[in-house]
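Below you'll find only one chain, the form predicted alone, shown as structure tokens.
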Amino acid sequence: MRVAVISAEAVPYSKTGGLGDVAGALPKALRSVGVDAFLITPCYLQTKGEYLWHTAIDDLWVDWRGQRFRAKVFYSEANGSPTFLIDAPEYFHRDSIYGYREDYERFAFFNHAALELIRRLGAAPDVVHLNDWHCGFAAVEIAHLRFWESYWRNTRTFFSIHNLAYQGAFDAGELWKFGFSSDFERNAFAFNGHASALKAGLSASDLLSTVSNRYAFEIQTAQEGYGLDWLLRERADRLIGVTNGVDYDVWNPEKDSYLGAHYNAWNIEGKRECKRQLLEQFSLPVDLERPIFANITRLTAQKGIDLMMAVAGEILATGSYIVSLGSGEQKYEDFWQRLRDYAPNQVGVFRGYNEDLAHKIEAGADMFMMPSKFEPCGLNQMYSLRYGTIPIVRAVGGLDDTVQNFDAVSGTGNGFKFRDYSPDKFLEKIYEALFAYYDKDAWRKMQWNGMTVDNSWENAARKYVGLYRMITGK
């Protein structure tokens, strides 16, 4: 089976969040279970040259907005699978990956160029696996092309929703510029008086997936459907939840190259040294008996930062440390900085994203906080489980699917979770976690439960293969 994975970002070439991790890992995982998978993603200004092995195509001609546009394509296998990076400086050489008024045009071009590239690469794929709103354009284009070109006749589209909140909205009057002029195409994009690339992907794709079973249910409700719950209920028979996996070649405390000491579920001594190094990294007093609460995230309302703000003082009152890595809304960045200034011997803050530090935090922290308002899947809670760092989460989306509440009597469970979006409920679980932390046997049992669970990409890849077979008949 031949599968083309198309994504606006993919590790190690580009990343702003979980989409990058997933798209970077999935093609490699598919290949490990026998699928001929390859990845197509943009070549951004931020993409490191060391990942661009050679130029695969220097004359990818794309008919675009009435002109012939010349793009270049780089080749790499830095993520463990064949990857083609479309280089178009006019669209992709920007100071940041997203955040521009014409983002919809940038990714409409990327989709169109990706399909032209697929033609150049030879045989048509059995499945084109599209990711989030940035790829909704390709779903509509392939659905249209199947009626006119024999090349695409047997290709099926698989559309993964990573975050329904981002919908790629733009003026419907722009559609004709991108070649979408038929009634079918306009109707696929039409949403509340404008065009939505996400809605187009949901309407035109052969099968829909999202990144956890719980989230597949949640997005069919008015509360979490962002105005598209009606469409998702209409297509519920084609909507499947597949929980993301973890790339254990990258996130594994037994061989993580970012760590100064290594450990595993059977011998966890190295974690104590990682804790020492983390405290030193943030210039905090080295007291290995005091717990470290950690958070790595985009600082947005979705991530429950308001709850963390509400309970931070109570955490500090217990004598615990707090470390935070992330950037986002100014009010949240300012809060973490004020907290650091207030308690410089208990709080460590890094504004921005740093891959090295993210690994060090996962290894050195004792608890990981993810009190999200909504969370399609989440990856950090699964990284935390592998690293023996106990997640404290709100029971939504993939957090609910992957974290089991600890039961001290039976010794089952791998973390703590609460349901109501409330500081009091969050604080209850923080106190429960602290109580367990000082019971060394209970804590070690919980770490074992988390570190031995299999959240590998191979498991997820096999589920995807089953779904590909379902829509292709192979």
Ligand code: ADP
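Note that residue numbering begins at 1 and tracks the sequence as displayed. Keep in mind that this is a model prediction, so the values were computed, not measured.
What comes next is about the form predicted in complex with adenosine-5'-diphosphate (ADP), which does not appear here.
Just to be sure I understand the contacts: of G326, P291, G241, G388, which is the one whose heavy atoms reach within 4.5 angstroms of adenosine-5'-diphosphate (ADP) in the predicted complex?
If I apply the 4.5 Å criterion carefully, the residue I get is G326.
Please pick, from L231, A265, A358, A261, the one residue with any non-hydrogen atom lying within 4.5 angstroms of adenosine-5'-diphosphate (ADP) in the predicted complex.
Of the listed residues, the single hit is A358.
If you check in the predicted complex, is G99 within 4.5 Å of adenosine-5'-diphosphate (ADP), heavy atoms only?
It does not: once adenosine-5'-diphosphate (ADP) is placed as it appears in the predicted complex, G99 has no heavy atom within 4.5 Å of it.
Given that adenosine-5'-diphosphate (ADP) is not shown alongside this chain, does F137 nevertheless sit within 4.5 Å of it in the predicted complex, heavy atom to heavy atom?
Looking in the predicted complex, residue contacts with adenosine-5'-diphosphate (ADP) do not include F137, since no heavy atom lies within 4.5 Å.
Under a 4.5 Å heavy atom criterion, is L19 part of the interface with adenosine-5'-diphosphate (ADP) in the predicted complex?
L19: yes, in contact with adenosine-5'-diphosphate (ADP) in the predicted complex.
Give a yes/no on whether Y383 approaches adenosine-5'-diphosphate (ADP) to within 4.5 Å in the predicted complex, heavy atoms considered.
Yes, Y383 lies within 4.5 Å of adenosine-5'-diphosphate (ADP) in the predicted complex.
Among 283-291, 318-326, 267-275, 335-343, which stretch sits within 4.5 Å of adenosine-5'-diphosphate (ADP) in the predicted complex, heavy atoms only?
Of the stretches listed, the one contacting the partner is 318-326.
Any residue of 29-65 with a heavy atom within 4.5 Å of adenosine-5'-diphosphate (ADP) in the predicted complex counts; write them all down in order.
Contacts from 29-65: none.
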